[in-house]
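This document starts with one chain, in the form predicted alone, laid out as structure tokens.
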């Protein structure tokens, strides 16, 4: 068992912003062995994921200037592997973990990420025009960029 003393009280940061007309909250808490990140547009815990950065790929990727590979698994609330929300949540988890690693290469803690975001699944019965699909992708990208910026404002890994 690790006998290293954790700082108390725990270091935490919180930020909020209106993104696409929805109040969006981010809370980041630094534990001795993990970084907990809660992101919600619903005021509740959503899908819970655990993400680690592959330490072996880290040395190779850092030397090459690439991002390290990550491994994510759903702990709670996993949807269908083909659902848009599930796939986007995996992108969020990977990107946020890589961002943390990039900002602090000495960071070795895993990330526990909770996401409860208003991401619309496409209406497969109705179909979408090319223009509607493009607008949806732009909305998804805007949400992603704003959420990542909010997480970055709550930095506890430096």
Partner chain sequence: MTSTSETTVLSNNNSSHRDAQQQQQGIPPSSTGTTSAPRFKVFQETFMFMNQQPVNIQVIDMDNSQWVWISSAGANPLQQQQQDALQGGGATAGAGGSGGAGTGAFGDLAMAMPAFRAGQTPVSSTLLGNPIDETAAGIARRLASKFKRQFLVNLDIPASVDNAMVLAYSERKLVDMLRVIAETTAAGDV
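Positions refer to the first chain, counted from 1. Values in this document were obtained by computation on a predicted structure and should not be read as measured data.
Heads up, the form predicted in complex with its partner chain isn't pictured, but that's what we're talking about next.
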Item checked: Joint contact, 87, 96 and 148 to its partner chain in the model of the complex, by non-hydrogen atom at 4.5 Å -> no
Next item on the list: Verify the contact flag for residue 18: yes if a non-hydrogen atom of it lies within 4.5 Å of a non-hydrogen atom of its partner chain in the model of the complex, no if not.
Entry: yes
Next item on the list: Answer with yes or no whether residue 75 is in contact with its partner chain in the model of the complex, where contact means some heavy atom within 4.5 Å.
Entry: yes
Next item on the list: Please run the contact check for residue 104 against its partner chain in the model of the complex: heavy atoms, 4.5 angstroms, yes or no?
Entry: yes
Checklist line | residue 13: touches its partner chain in the model of the complex, heavy atom cutoff 4.5 angstroms | finding: yes
Next item on the list: Counting only non-hydrogen atoms and a 4.5 Å cut-off, give the residues of 17 to 31 close to its partner chain in the model of the complex.
Entry: 17, 18, 19, 20, 21, 22, 23, 25, 27, 29, 30, 31
